[in-house]
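Just the one chain here, laid out as structure tokens, in the form predicted on its own.
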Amino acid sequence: MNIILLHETDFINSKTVILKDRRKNHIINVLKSQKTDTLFCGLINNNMGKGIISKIDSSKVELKVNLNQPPPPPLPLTLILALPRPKMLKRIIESSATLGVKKIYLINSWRVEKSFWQSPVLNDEILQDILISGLEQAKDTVLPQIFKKQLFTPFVKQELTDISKNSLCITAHPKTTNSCPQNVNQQTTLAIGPEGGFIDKEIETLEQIGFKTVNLGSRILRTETAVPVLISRLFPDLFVS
């Protein structure tokens, strides 16, 4: 946890917050902080800054906060992701939030198992907890938006054109000879299929609205590996200090 993320309900006045949950436990048991220590804090979907511990005991931590810094800039990427198996989804959502992705569309595909859509992981509260974990790692405050689309063709034909307007549109797919572009430095919409990739008909539907099909080379990667690899290829400056 590299930032203590705050909710509006944590504030007892404009400059004071009280924490009694897992954040309090982390401050006491992991950070081993004491009174007058300074911690990096941020209000969800708002500014970041510093918090000074004014009171601390086994039941609560009180912080005096000054949130005067903007959050880091978002990654100029919209991720279109065929719904993966639940355990993999958790890891992908968390890493995407850490890397600065702010819009994620979970879509259906012929190779997506129907049971995946019944997973408790898709509960909004659970997804928010996963996103918060990713933000805590990255020192970010802005929660990504997650949209769930269970019909592939209507989504692509009726919505994706507008979603991807004025962006570089690419589909990651192992069965093509086109190499993925590097260092694109522009707004991008990236579609990634399920394990085994999109079927040919789905690729054709995406290509009809302007998505170029590309690959990462001869090695076929799991989706949870492909997402950060693609992001690092498209936006290498993200990893340069």
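Numbers follow the displayed sequence, beginning with 1. Please read these numbers as outputs of a predicted model, since none were measured by experiment.
Keep in mind that the form predicted in complex with another copy of the chain is not shown, yet the notes after this line are about it.
Contact between T189 and another copy of the chain in the model of the complex is not found at the 4.5 Å heavy atom cutoff. Contact annotation: K15 falls outside 4.5 Å of another copy of the chain in the model of the complex, judged by heavy atom distances. Taking the partner from the other structure, another copy of the chain in the model of the complex has no heavy atom within 4.5 Å of any heavy atom of P84. Residue contact check for S167: none of its heavy atoms lie within 4.5 Å of another copy of the chain in the model of the complex. Checking T98, S109, S119, Q128 for any heavy atom within 4.5 Å of another copy of the chain in the model of the complex turns up a single hit: T98. This chain is displayed alone, yet in the model of the complex one of N66, N185, S179, N46 has a heavy atom within 4.5 Å of another copy of the chain; that residue is S179.
Segments offered: 138-146, 76-84, 155-163, 120-128. Contacting another copy of the chain in the model of the complex at heavy atom distances within 4.5 Å is 138-146.
Using a 4.5 Å cut-off on any heavy atom, the residues of 222-238 that reach another copy of the chain in the model of the complex are, in sequence order, R222, E224, T225, P228, V229, S232, R233, P236, L238.
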